[in-house]
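Heads up, the chain shows up twice below as structure tokens, two forms, tagged structure 1 and structure 2.
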Structure 1
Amino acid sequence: MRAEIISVGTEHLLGQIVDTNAPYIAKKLASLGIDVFRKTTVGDNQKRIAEVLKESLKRVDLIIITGGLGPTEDDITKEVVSEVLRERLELNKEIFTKIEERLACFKKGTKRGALKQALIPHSAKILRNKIGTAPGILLEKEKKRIFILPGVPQEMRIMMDEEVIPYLSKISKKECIKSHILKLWGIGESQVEEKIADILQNQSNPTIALLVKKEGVCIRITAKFPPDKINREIKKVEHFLRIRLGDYIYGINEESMEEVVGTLLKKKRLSVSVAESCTGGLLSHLFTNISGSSTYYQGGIVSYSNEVKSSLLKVPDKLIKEKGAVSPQVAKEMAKRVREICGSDIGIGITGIAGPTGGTPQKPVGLVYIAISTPKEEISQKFLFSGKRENIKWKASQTALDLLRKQLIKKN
């Protein structure tokens, strides 16, 4: 089955929002082995939406449209699609009542809006909207299938997962496309390329691609096989890549570094606390993003000013004066003190210069020391990160988690 995705909304063409709906849909379709041929974005304009839809109908047999189902005058997707497909819009009383109930409950919206949203093309199948007012629509016309989904990402996602995917998986039975991603930290793209050059050159199915993302270098393995074979084929390639890249691989697919580290801490029944300066709370924020992190994350201190470093963390003034706040000694002391104060098994200390100001020739912006303290040992490493303030905060936090991860694996 060939598909196209159409995103409707002038806000896209003004660059006011980033379209996360289209990639979400694309990924889901890929997992069913449905090839997406094109994605098109068009404004809230009757003539242009109609043009895009007519062109798409010539090329593919599945079209998923998002956006323009709202209650206001500029929401015209349903109206235009109905016109192109020569469908009459009819008021669906059941939907109307549901919308009215919902609006009353949230004390918002207007009757006029509800009437508009309850208009449904004559032959449409209605897709339930669990968390919003706009119902989704499926039209089946001459072997073509057209879905219209709301543009609000949360509503679209639930509808995609619970209505569209189950429907499509019934009718799509050929080879699947599946992607599997290995995530690496602490290694650059070119180094990865070098280590797996021969594998990269000899790839065909599965294919292997390198992507550089915020969360590190990612290796995407994409396979196209019948459902019963696909996982085995991916595993084979993964196996060879793991031999070459070892511990640089910290996770797969959606797994975040903090999730991986959290799982390791839980498994080993170890607790952790954090003293951070240049990362300013980000490391604690990452730890606590994980549900259940309270079983291993004890607490943290953001010692942004030197006074807090000495008053709260009890890092000796003398040490700060002699070695400087950004030094391996202070990082180690921070890690040790926070571990003791919070009564955790492991302490992490981070001190550095996030910039853009505050750098010197000896201690430039991006210089960061990260220390890990346990009752048995203390380690500290020096890093020089590039980028803007937020990038440096991010890289330092990820690297701290990665250092801890490597320590936790080593102790196996």
Structure 2
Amino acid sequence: MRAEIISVGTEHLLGQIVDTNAPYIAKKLASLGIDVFRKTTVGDNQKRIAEVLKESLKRVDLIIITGGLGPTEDDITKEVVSEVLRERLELNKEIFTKIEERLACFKKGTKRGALKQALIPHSAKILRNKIGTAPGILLEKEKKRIFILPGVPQEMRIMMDEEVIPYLSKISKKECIKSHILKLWGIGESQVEEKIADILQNQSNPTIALLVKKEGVCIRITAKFPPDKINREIKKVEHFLRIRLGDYIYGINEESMEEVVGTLLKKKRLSVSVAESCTGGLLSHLFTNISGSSTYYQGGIVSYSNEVKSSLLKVPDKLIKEKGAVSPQVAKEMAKRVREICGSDIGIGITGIAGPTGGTPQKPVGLVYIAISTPKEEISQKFLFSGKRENIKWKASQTALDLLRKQLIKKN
């Protein structure tokens, strides 16, 4: 079954409201194996709504429309759909009475508004609205099915779950569409593509798509199979991707880098502390974003100035003057000193130039050194990040977490 979603409302086109209805509907349809081919947003305009609907009717056999079922003059979805399908509107007295009673209870609305919402296309099936006034509508014409749902998200979701999905589950194939996300850090999109080029070229079902997000390169595996088979098919593809991409993969689906690292620290019963300069406390913030992080996060010191590096962290003045605050040697000292001060198993030190000022030809904006210290070893790595100040701080923090992650899995 092929479907399209139409969101009606000029407020969406003006950017006044974010359309959360379409993603919700799409996920629900995917769970039934129904392919969503297109999502369209159209304003409260009779001609444009009609044009969009006519185009959709040519392409697909299932259309779900949200919005424009209210009591005001600009709520015209039902009227336009009825006109396109040549359906006459008839007053449903039962719905009219219920709407009037509800409006009277809340001391708002008018008889005219109740009358408008109680006009129902002649052959329509009525979908109950448990928490609002406007009923939903199902129209079936020449093997086409058109659902019209309220635009209010809470009303739409209940109606989708309790009316639309049970109906569609009876007529759709016993398949579902599911996506599984692999998250990578420390590698670019083109490099990922190069490493899995043959897999991408030979994909069919499941399919693979590359996405670049704030949290790194993401690989989306999407499959369409019966429910008892779909996870197994996704795992097969994931297995081959993991062989190719190794420890660049840090997490799946909604997992964040800090969640993954926190889980590893708890599993190994290790504690960590942080000395930050250019990230200004962002790494500590990420650690403490996770509930239960007190079991492994000991504390942090934001040593932004050289004076604080010397007085609080006890990094030797001589070392800072000779090597510079942004250097691998100072990063190592920061990591070592904060580990000793906080009494943690692991110390992380970050020092760099977040910009946009402060860079030199020898030490440009984006240069960051990240060090990790344990009682047995010290490592320091150099990175050169691009972007604005906030981007550099974010990338440095994520890279510090990733560096720690790789150290922890290396010791398995």
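Between two forms, the rigid core is the largest collection of C-alphas that superpose within 1.5 Å. Sequence positions of structure 1, starting at 1, serve as the residue numbers. From a predicted model like this one, the values you see are computed outputs, not experimental measurements.
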Of structures 1 and 2, which one represents the form predicted in complex with another copy of the chain?
-> 1
Residue 391 C-alpha moves between the two structures by 2 Å or more, core aligned | no
Core-aligned CA displacement of residue 264 at least 2 Å between the two structures = no
On a core-based superposition, does residue 240 travel 2 Å or more at its Cα between the two structures?
-> no
Rigid core fit between the two structures: Cα deviation of residue 42 in angstrom = 6.2
